[in-house]
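Next up: just one chain, as structure tokens, the form predicted on its own.
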Amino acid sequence: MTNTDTEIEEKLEEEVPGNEKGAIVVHIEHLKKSFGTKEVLKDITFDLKQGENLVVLGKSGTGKSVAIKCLIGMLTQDEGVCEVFGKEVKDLKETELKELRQKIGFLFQSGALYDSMTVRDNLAFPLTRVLHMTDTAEIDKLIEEMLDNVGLKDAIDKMPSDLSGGMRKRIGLARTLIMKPKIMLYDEPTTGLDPITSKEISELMLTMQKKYKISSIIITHDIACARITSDRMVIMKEGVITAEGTFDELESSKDEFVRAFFK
């Protein structure tokens, strides 16, 4: 382990329930969420295990993104349980919620880079502003490690506007992974990418999961991404989970709604 890794571990690592392989790190049970009179989540129950990639499939507007926003405290459920590392998210104090969010990486559809910053500065931002790291050499070493992970060391001094969509997605992933998260939340990670780039991003997600032993929830419409990344899948329909299983199990389902995703 490098000094950089040690510094981050000292800032982030705590005794976390569910660190052992196969333990439950996210527990959602009978989760419900409405906006006015519109029921978005009607009754959602699922678990995420340590080191697992869980893919969530569903048509637009079925509440997939709402569920993961409850996990990081961006939204609060109306009813039900939403636990991360054994703690109910809605009951956390502000300082506890901040600590939890440092253990969770979130990759948005756009990559969410700061357009006014170079790639180097984008990756340095969470280290200096969130972890308050000051050792320039250690920060540079970690930035180079993460860019090497995503195959973009040569892009370190470029601006986001100089990058392709696939490159922006890779840099977004690198910036998220630089915090060494325990859990990754992916919201449509391959949207807008061509099939070849989408496959590369999916394979990169899988590589990073294995390298850093990350537990991930992956929201996607991309069935090719689901095939590559998933250990297990759930399918949402109108605010409920209508099917659960491996890719092969769901692909051979007799349910017409489930089967439609695999055509």
Partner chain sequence: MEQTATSKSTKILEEVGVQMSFMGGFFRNIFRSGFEWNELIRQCYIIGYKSFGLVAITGFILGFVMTLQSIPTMKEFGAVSFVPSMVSISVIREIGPVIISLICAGKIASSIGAELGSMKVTEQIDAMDVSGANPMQYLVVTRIIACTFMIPILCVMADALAVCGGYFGSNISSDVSATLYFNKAFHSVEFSDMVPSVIKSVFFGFAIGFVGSYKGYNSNGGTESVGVAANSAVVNASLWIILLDAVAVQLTSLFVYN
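Numbering follows the first chain given and starts at 1. The structure presented is a predicted model; accordingly, all values stated were derived computationally and were not measured.
Absent from the display: the form predicted together with its partner chain. The rest refers to it.
- Ser116 is the sole member of Ser164, Thr76, Ser116, Thr136 with a non-hydrogen atom within 4.5 Å of its partner chain in the model of the complex.
- Proximity to its partner chain in the model of the complex, defined as a heavy atom within 4.5 Å, holds among Lys153, Lys87, Lys98, Lys158 only for Lys98.
- When contacts are defined as a non-hydrogen atom within 4.5 Å, none of Phe46, Lys64 and Tyr186 contacts its partner chain in the model of the complex.
- Proximity of Leu92 to its partner chain in the model of the complex falls outside the 4.5 Å heavy atom cutoff.
- At the 4.5 Å threshold, heavy atoms of Leu177 stay clear of its partner chain in the model of the complex, well away from it.
- Although the partner is absent from this view, Ile72 contacts its partner chain in the model of the complex, with a non-hydrogen atom inside 4.5 angstroms.
- In the model of the complex, Val81 stays away from its partner chain, with no heavy atom inside 4.5 Å.
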